[in-house]
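Let's start with one chain on its own, the form predicted alone, as structure tokens.
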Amino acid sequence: MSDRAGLDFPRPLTTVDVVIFAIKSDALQVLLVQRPDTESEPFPGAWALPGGFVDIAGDRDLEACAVRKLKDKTGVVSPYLEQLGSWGSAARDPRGWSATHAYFALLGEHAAGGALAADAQWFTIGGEKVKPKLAFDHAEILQAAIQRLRAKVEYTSLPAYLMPPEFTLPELQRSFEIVLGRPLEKSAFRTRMLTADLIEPIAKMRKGPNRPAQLYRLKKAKAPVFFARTFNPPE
């Protein structure tokens, strides 16, 4: 029953879950948390997306709840957070009728390499899933997030948010290729990035076995760049 006067209908369980992506070890990875192994837990010891119940006293809105959950597990705030969708039914949580509002977030390599919560761990994505069986309907939510990310990478600069503060153009191209799962033509990619008002060179070079490579950084932008056309797959 409601604790507010005039509201006498049952309230569903309301949660927010966050699909947190990063590129680690040259692969697209997602952050999962292991649920407590207790009798009161509906999926004891299972892996799940980071999330939890909305704090109606502290969370001003759903996004604030997502930001809080992300920071609880990673200690950082994501440079990119987007609402993915909502899932709800009487069957998704054995504790009762439940609805969750899912977001996906992108973390740069430097942030993803920081200290995590004790119950959190990175898992490599293969296709549209991970190896562990996920609690609730989180496998479905993860699949939807991967599909959304890959679709948007075809025409936006989202992989730039997966980069460290300083990077070379080949490193940026590799991040696009990892997310898309296919190679991109070097000259066309370079032209697109340099004309998109997305990155800017810095007064540093990356030394390596060959000639030094120019380092770049992401321009201060609140939104990703949208490209006029998609990346064409190789013929």
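Note that the coordinates shown come from a computational prediction; the quantities given were computed from them, not determined experimentally. Quick note: we count residues from 1 along the sequence shown, nothing fancier.
The discussion below concerns the form predicted together with the DNA, not included here.
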Query - in the predicted bound form, the one of Arg68, Arg190, Arg174, Arg35 near the DNA [non-hydrogen atom within 4.5 angstroms] - result: Arg190
Query - Proximity to the DNA in the predicted bound form, single hit among Glu200, Glu166, Glu185, Asp26 (heavy atom within 4.5 Å) - result: Glu185
Report task. Considering the DNA in the predicted bound form, find the one stretch among 46-54, 204-212, 60-68, 27-35 with heavy atoms no farther than 4.5 Å from it. Result -> 204-212
Query raised in the report: Do Pro42 and the DNA share at least one heavy atom pair within 4.5 Å in the predicted bound form?
Result: no
Query raised in the report: Does Pro170 reach the DNA in the predicted bound form if we count a contact as any heavy atom within 4.5 Å?
Result: yes
